[in-house]
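Listed next as structure tokens is one chain, alone, in the form predicted on its own.
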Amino acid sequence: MADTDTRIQPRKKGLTRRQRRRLSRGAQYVVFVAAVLAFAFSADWGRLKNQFAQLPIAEQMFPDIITLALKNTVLYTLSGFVVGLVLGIVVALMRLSSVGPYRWLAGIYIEIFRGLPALLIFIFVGVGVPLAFPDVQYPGGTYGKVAVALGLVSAAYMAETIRAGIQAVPKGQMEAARSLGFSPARAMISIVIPQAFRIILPPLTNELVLLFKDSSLVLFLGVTLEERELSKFGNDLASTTANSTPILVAGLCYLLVTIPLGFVVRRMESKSQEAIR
């Protein structure tokens, strides 16, 4: 009888999968909060404030940091983006060309300029080209140099993005345009590329964010006081005041632009995913 009672007793079950997941998540939260508290109580906030948060020094930066440094940073970024976009379209079309040398040249360009650090490209544009071609002058002076340097940096990445977007457009679109009497070039420009840009708009906007940060390399070209961008402006004032507050303020100005652009990218990506569904 005792054996029968033992057999009919229900077996004790362990934690369910959901309970284990909740327990694991709770443990992660505890570890995270503990790490934050350990950092908060171990940091010397007084020294950090003295070095990075001096309000009188920050006040000296306005309004020049907005009307001069941020304005120049935006101009550098937009000019580099335009040059990179135009060059990227050309390289992408060369990459898709049926002519072998065009494909080879585009492939070589993409591999070289994606592999080189952006700093080396800035040095090449600012120092190498003037030494090799003394009579060549960049239109717009420093602004032209920056546009070329940033354009060369971004065009290699944009070319691959644009190529992928063009290949994502259904081939029937080109065939339909040709049946209506469009030439291959006109069909590509009027029909295929506009559809491709709707597909690749989020990654292109993300490239704009990256260019905005890469514009900090302008300081290696040697700029005047009126041509300084955010990083150069903050670094100069930090050297003058022997304090890092200007660098922190310059970083916050970068975030004023990059955070909204990042939000725009996420919104466009979510909308494109909804359109696919």
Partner chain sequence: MSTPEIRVEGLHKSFGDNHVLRGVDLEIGQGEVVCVIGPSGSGKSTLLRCVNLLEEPQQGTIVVGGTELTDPDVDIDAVRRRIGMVFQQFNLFPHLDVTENLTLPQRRVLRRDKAAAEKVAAENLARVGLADKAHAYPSSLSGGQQQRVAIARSLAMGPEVMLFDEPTSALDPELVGDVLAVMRGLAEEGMTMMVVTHEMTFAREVADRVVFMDGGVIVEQGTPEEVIGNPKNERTRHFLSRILDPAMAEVEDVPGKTEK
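Positions refer to the first chain, counted from 1. In this text, all values refer to a predicted model and were calculated from it rather than measured experimentally.
Another form exists, predicted in complex with the partner chain; not displayed. Remarks below refer to it.
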Quiz prompt | Which of 84-92, 165-173, 122-130, 140-148 lines the interface with the partner chain in the predicted bound form (heavy atom within 4.5 Å) | solution = 165-173
Quiz item: Might Pro194 be said to contact the partner chain in the predicted bound form, defining contact as any heavy atom within 4.5 Å?
Solution: yes
Exercise. Verify the contact flag for Arg178: yes if a non-hydrogen atom of it lies within 4.5 Å of a non-hydrogen atom of the partner chain in the predicted bound form, no if not.
Key: yes
Quiz item: Is Phe182 close enough to touch the partner chain in the predicted bound form, meaning at least one heavy atom pair within 4.5 Å?
Solution: yes
